[in-house]
Each structure stands twice: as C-alpha cells, then as structure tokens.
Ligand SMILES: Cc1ncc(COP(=O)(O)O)c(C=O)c1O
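For reference, the chain that follows is the form predicted on its own, supplied as structure tokens.
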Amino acid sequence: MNEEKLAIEGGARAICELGPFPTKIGVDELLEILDMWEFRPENAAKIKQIIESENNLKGPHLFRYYNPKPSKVAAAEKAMADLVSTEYCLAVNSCTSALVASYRALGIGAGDEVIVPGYTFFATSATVVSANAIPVIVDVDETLCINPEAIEKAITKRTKAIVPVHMRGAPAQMDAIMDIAEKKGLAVIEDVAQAGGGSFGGRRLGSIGTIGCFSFDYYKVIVSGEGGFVTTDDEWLYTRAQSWHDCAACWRPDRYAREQKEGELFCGENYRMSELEGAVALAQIRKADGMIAGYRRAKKMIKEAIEKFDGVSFRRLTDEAGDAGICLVMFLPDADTTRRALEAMQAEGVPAGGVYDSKVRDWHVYYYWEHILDKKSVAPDRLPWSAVPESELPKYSQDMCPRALDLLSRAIIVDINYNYSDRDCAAIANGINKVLRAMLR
C-alpha cells in the first residue's frame, strides 16, 4: 500500500493555501455607513463607483482585541486619558456601563449605599441598584448639582461612595465633596456624562474623584453615537473595571491564565466598545477642546447681552472657567411666570427648554423614578432592598428633594451650539430680552 508521508513527518502539506476570500466587512457595509452622510447626489454616485471598482476591498477588523491593525479604540483610550489627564482610561459601550463597571470595580454590592443627586439622568441611580446596592437620593442647590451639606447628612455606616454629577455641563462643588469623602473614607465616582471636557479648579472633570465616568452618546458633548469611558489613576481599579467590562478576558495579556492577584477575575459582563465607535470617538476627542471653546464663547456672548431683570438669576457656577458651556440656565421668580416665559421664548425662536415643555415624564428628575421610589426588583429575591432590614432602608418620597423641585420649576434652559455665530448669539439674547421685558417690566 502506497502511503504518502504525513506533513508532520516531513511530507508535503495536503493544503498549501485557502482562498483568497473577501473580508467579512466589505463594500456593502461601507456603502451603508457612507449613506449616513448627506453627500450631493453626484458626489454620492462618484464615491459609490470608486468603492465598487475596488477589487477584493479589505474591510476593517471591528473587534478591538486581536486586531491586525492598531486599534482605534485603544487610540481613543490614549487620547481620552491625555485629554482628562489620568493614568488609565477604559472604553465601554455607554456611560451606564461605565458606572456599573466603576461600582463593581470598587467592590460595591449588597447592603452598601451610594449617595446620588435627585437631579441627574436615572441611570446614575439605576446602576447602583444593578450593582445590588442602595441609592440614597439627596437634594441639589443653585448649581443644580449635588448639595455637599445634603451629602454629609445622608452618610451612614453603609455608605461606600458619593456620585457627584456635573449636570448640564457645569462642575459640581468638587472641593467640598472631596473633603467630605476624604474625611469619611468614601470613594467618589464623577458622573461626567453631561460635561465632557469641563474642569474644576484647573483639573479636568473625571480626574478629581476616585473614578470618572463619561458618556459619548450622540446627545452629549463629545460623541460617538453610543459609547463611554472610565478614567482613573488607580491601576487596580482599572484592572477590575476591565474585568467587569469584558468577562471574556480578552483584555488580559494571557487571557486564560490564573489571576495574578486575588480579586482580578470574577464574573463580569461584556461592555466592549467596537472599532466603529472607537474611530468616531477618537476624531471627536481630538476636536474636543475646540468644541468646548466654541460652547464657552457662545454662552458668554449670550449671557453678557441679557439685560438685568428683577427676580431673574443665573445658575450659580462653582467654576465659571471650567463650565463646559453647553447651556445657559436662568431662574425666574415663580413657576407660572416661567411657564409663560418659556412658551413665549420658544415662539420667538429661542432654543429654550424646561420642565414645562417636556412631552414625557422626565427621568432626569427623581420625582419620576418610581423604579426606586417603589423599591422595585427584577427577581423574587427582592435585591437590593432585601439585603438591608426594612427599618434601615432610605425613606423615599416624591417630595424628598424640595430644592430640586423648586429650582427646576423656575428654570429655563437655553441650549448652546458651539457653532453659533455672533449674529446667532445676538438674536438669542434679543429674543430672551424681548420676552422678559414684556413679562417682568
């Protein structure tokens, strides 16, 4: 019997080459992506012709790990760490994921309490519950950010962390908050979802607390459609956040190796950012300072052109130079005047909003968080509420943060675009003055 020598014994290989094959992501996918841009029809046709004329077009490797080319996500992490000035930065698929990963990295779990403000998007508080911990909701002040005095009053033996939210682009009172945290031995998780690029006392938001959490959702300051980042100077927290964000452990140099230190590996989830989001995020981070400068310039012009009116005040800023500048908040004398003024400003074309033009129950206000106010659970175990005696649970109610409700009932929020021209700014200020003159003089 004539047997060929096996390749393993020095014989010829049975298979010399497979393929070539087209890449998994190719022409069709690229055309769908480009269709999201509004090219002139003649240019769209030219682009389509050029792309379809390519032979065996090599598409991108969209998974950030094991990428044959330099990863866009890794480049975005480096750029974000440089922007924020932290040692470590981890890309995730949302700020919600960033918050959960941060809570878990800190070891927060059943029986622990985390202090959050009553004015923030629901995710800040919901992710505390997702980590099986208990959110303690406290009031805000004229900054529309968490009130440090309310924080001090809310601390108990179960408190593990404070979550200041830099709401609507403006920094919270980080000096006072850090003093409280250091005195009580608490972690500080900065929720920078709405203030990317802002600062406090010359330090970028997200670099002051223990951990920073960012949103790159399309409606935020710096965007990638969906996405987020975790920033920290603590290598161990960075390692644990990676473990939670990717339980497949692709982030580890030796993926399946035993843990090098107790607490490195545990059952996490998968919150990885894709290369498509990473590419957009990288370009946006590179433009961030320019965009922030545009926001600040436009806001300053509008604010300085608004006349003085009795009973009208602006939101108190803890660091005016550090405000991201994405909106201008004015407080009017009472709720009825605010309702009428908001409607009149919108009729004048002013890009203004507030609680009275909301078409939904706004989950930025604790008043509508019945998931928490009613202590709802996803499973019969009733976690996180069952982890603590009923008598020791926070007392939730819709009137528990009266200052937040009062301020928001009198607030008009004017949106700022970093591309506003001098003419745009003058027109907006004129519309505001026109309405306030008619109503308050």
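All residue numbers refer to positions in the sequence shown, first residue = 1. Only a predicted model underlies this, so the values are computations on that prediction, with no experimental measurement involved.
Beyond the structure shown, there is the form predicted together with the ligand, which is absent from this document and is the topic of what follows.
**Prompt:** If you check in the predicted complex, do Ser224, Arg272 and Ser274 all have a non-hydrogen atom within 4.5 Å of the ligand?
**Reply:** None of them does, since no heavy atom lies within 4.5 Å of the partner.
**Residue contact check: Ala123 to the ligand in the predicted complex, 4.5 Å heavy atom** = Contact check for Ala123: yes, within 4.5 Å of the ligand in the predicted complex.
**Request:** Using a 4.5 Å heavy atom cut-off, state whether Arg204 contacts the ligand in the predicted complex.
**Result:** The answer is no: Arg204 has no heavy atom within 4.5 Å of the ligand.
**Request:** Report whether the minimum heavy atom distance between Asp217 and the ligand in the predicted complex is within 4.5 Å.
**Result:** Within the cut-off, so yes.
**Message:** Is Thr96 part of the interface with the ligand in the predicted complex - any heavy atom within 4.5 Å?
**Reply:** Yes, Thr96 sits close enough to the ligand in the predicted complex that at least one of its heavy atoms falls within 4.5 Å.
**Request:** Among 177-185, 337-345, 193-201, 296-304, mark the stretch whose residues have heavy atoms within 4.5 Å of the ligand in the predicted complex.
**Result:** Among the candidates, contact is made by 193-201.
**Message:** Which residue, Ile208, Val165, Ala131, Val329, is the contact with the ligand in the predicted complex, using a 4.5 Å heavy atom cutoff?
**Reply:** Exactly one listed residue reaches within 4.5 Å, namely Val165.
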